[in-house]
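First, one chain by itself in structure tokens, the form predicted on its own.
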């Protein structure tokens, strides 16, 4: 069973990234997607090399954003691929059957293709405008999520779907009602002065209907 809360890392430098990831893990996040865009490859490798043992220490999943070959090189738990990145089936052939492969989606058809090609989970979005991502796909909003999740149900497609894009604490409960599995968030955790409290509140909403 995957965690319902994913933290997508932020920071312009290796030190910023490491600090933000460490704080998120310390506050209770159990899934880190390392996103370090537009950087020198050696710097991305250096960061990944430091994040992996950190995630292992906290028993957290470590997913690399976009960089399939880096994910393989350092033996990360998996990779998350955007719509214009390496194809899911190609990534599966390179990483093998045991690694986690996530795929970004904006439509039902995107999800359908990902599932057919061996994807493990979907990052569906954006929910609303977010400044953390360039070249944003069309905004979905609650109605967009509901429509797509209903199509998945109708077509008997069962895959964990994470909402992504500008999500706040008050959005979580209504988003969960659409049928999503969880959320992938970035800025709300990075910018919080009370990370542990925030993550606890997020988890309460994410796991509200689950008997543990």
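Please read these numbers as outputs of a predicted model, since none were measured by experiment. Numbering follows the first chain given and starts at 1.
What comes next is about the form predicted in complex with a small molecule, which is not displayed.
In short, of 22-30, 169-177, 44-52, 61-69 it is 61-69 that has heavy atoms within 4.5 Å of the small molecule in the model of the complex. By the criterion of a heavy atom within 4.5 Å, residue 85 is counted among the residues contacting the small molecule in the model of the complex.
Under a 4.5 angstroms non-hydrogen atom cutoff, the small molecule in the model of the complex lacks residue 153 among its neighbouring residues. Residue 5 falls outside the set of residues with a heavy atom inside 4.5 Å of the small molecule in the model of the complex. With a 4.5 Å cutoff on heavy atoms, residue 80 counts as touching the small molecule in the model of the complex.
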